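Here we start with a single chain on its own, the form predicted alone, put down as structure tokens.
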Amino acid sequence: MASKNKVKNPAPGSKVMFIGVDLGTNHTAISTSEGKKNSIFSVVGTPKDAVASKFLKKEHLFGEEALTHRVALNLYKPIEDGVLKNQPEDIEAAKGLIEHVLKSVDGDKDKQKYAIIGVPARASVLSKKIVMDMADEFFDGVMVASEPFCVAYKLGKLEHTIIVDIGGGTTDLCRVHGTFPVSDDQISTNKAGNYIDREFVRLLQDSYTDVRVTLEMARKWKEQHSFVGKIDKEIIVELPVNSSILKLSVTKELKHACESIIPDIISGISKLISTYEPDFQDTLRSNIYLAGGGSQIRNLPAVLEMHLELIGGGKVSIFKDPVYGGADGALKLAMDMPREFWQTI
């Protein structure tokens, strides 16, 4: 956990709002102490030229709107593999995202705002500093915390628990034992949602000659049909092949793409169990929770449990809110911190 220096302490009697933010590779989610929430794609678009500017009637488009008009825009995806890119245009795009989602849930400039922003489990000190510096102008106090730890905090699972947070850019594993996690408690891998998309496209191109599939198409099919293990029926989609549209099966390709992230997850869980206090290892392996968008892959808990049988077994459950789990946990953590905690650490 890290905080921005020279934080203003919340003044007694002042209007204060606490905020949790999950600044993810694919989605940015925000949750406030006033019960307001929003989630958008982590994409910012600016018009390519004067014609596009006049047609769109705005200079910045965000989320789904930016993707809808992407052929007329310069698109910026400021978060890559869970990390804010350290380029001026990407930092400005990230600022735009924060400002956009903040305005969508609150228009009162007189409130003091205190935020915790979720970052990948093994984010570097430099990456955390870039995030805090970028967000500093929007909040009276801002801190960063491990995304999977935020999920654990929301769940109330703060002892002998492993969180596996499968996002767009990273899969983060965090071992929770009643305190803020340290480096040895956390593992992060780039084999996550976007990796599945790329593998899915590659496998489709290998299977079907002249197929034309974009990552955006692959992502939508994955979100609709993703699975591991066995399913009862074939998955048929409309694939563009040359100038035609053909209905073809993508079952095998999607299965292999989704299962490509499993070895790293099992390896990470195994390491976190084997390096834990021996007296509590059985409890730890019985409290494994999946979070993030990737937790929605059909059959994933059962398949992971099957693999875990080879290392002594494990019980895998799913956290029910893949969209706001990280943001809600960051919010709960922010609200539970004593007022003096927001002073300089």
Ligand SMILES: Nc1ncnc2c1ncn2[C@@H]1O[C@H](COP(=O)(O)OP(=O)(O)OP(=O)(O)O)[C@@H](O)[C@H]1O
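As the structure is a computational prediction, the values presented were derived from the model and not from experiment. Start at 1 and count along the sequence shown; that's the residue number.
There is also a form predicted together with the ligand; it is not shown, and the following applies to it.
In the predicted complex, the ligand lies within 4.5 Å of some heavy atom of Ile166. Using a 4.5 angstroms limit between non-hydrogen atoms, Gly141 is distant from the ligand in the predicted complex. Although the partner is absent here, Gly45 sits far enough away that none of its heavy atoms falls within 4.5 Å of the ligand in the predicted complex. At a distance threshold of 4.5 angstroms between non-hydrogen atoms, Glu223 is in contact with the ligand in the predicted complex. Only one of 190-198, 205-213, 70-78, 122-130 places residue heavy atoms within 4.5 angstroms of the ligand in the predicted complex, namely 190-198. The contact with the ligand in the predicted complex, taken as any heavy atom within 4.5 Å, belongs to Asn26 out of Asn38, Asn26, Thr32, Asn287. Shown here without the ligand, the chain has Gly292, Gly293, Gly294, Gln296, Ile297 in 279-315 lying with a heavy atom within 4.5 Å of that partner in the predicted complex.
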